[in-house]
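Just one chain is shown here, as structure tokens, and it is the form predicted alone.
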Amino acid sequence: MSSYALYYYDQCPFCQMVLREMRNTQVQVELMNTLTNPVNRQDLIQGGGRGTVPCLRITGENGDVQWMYESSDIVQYLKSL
């Protein structure tokens, strides 16, 4: 089974849009606040290549990791699960 983590911070309106949509899904998504935990921001930059939020880290069953940055893409992806 795939796992998901959302890199975000509370003041970001695009992050809030994704967080609202997450409430309407049954998908378990780990929340990774990049402002309150600098390690999360460093992980985001190191893994995804930039510090932009929101970003959904998708870890596939085989361990492959995909980083999805656009809020509308993240919302559409979550709706499709």
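For every residue, the number given is its place in the sequence shown, counted from 1. It should be emphasised that the depicted structure is a prediction, and the values quoted were computed from it without experimental measurement.
Quick note: we don't show the form predicted in complex with a small molecule, though the next part is all about it.
Although the partner is absent here, residue 63 lies well away from the small molecule in the predicted complex, with no heavy atom inside 4.5 Å. The small molecule in the predicted complex is approached by residue 52, whose closest heavy atom lies within 4.5 angstroms of it. Taking non-hydrogen atoms only, residue 12 approaches the small molecule to within 4.5 angstroms in the predicted complex.
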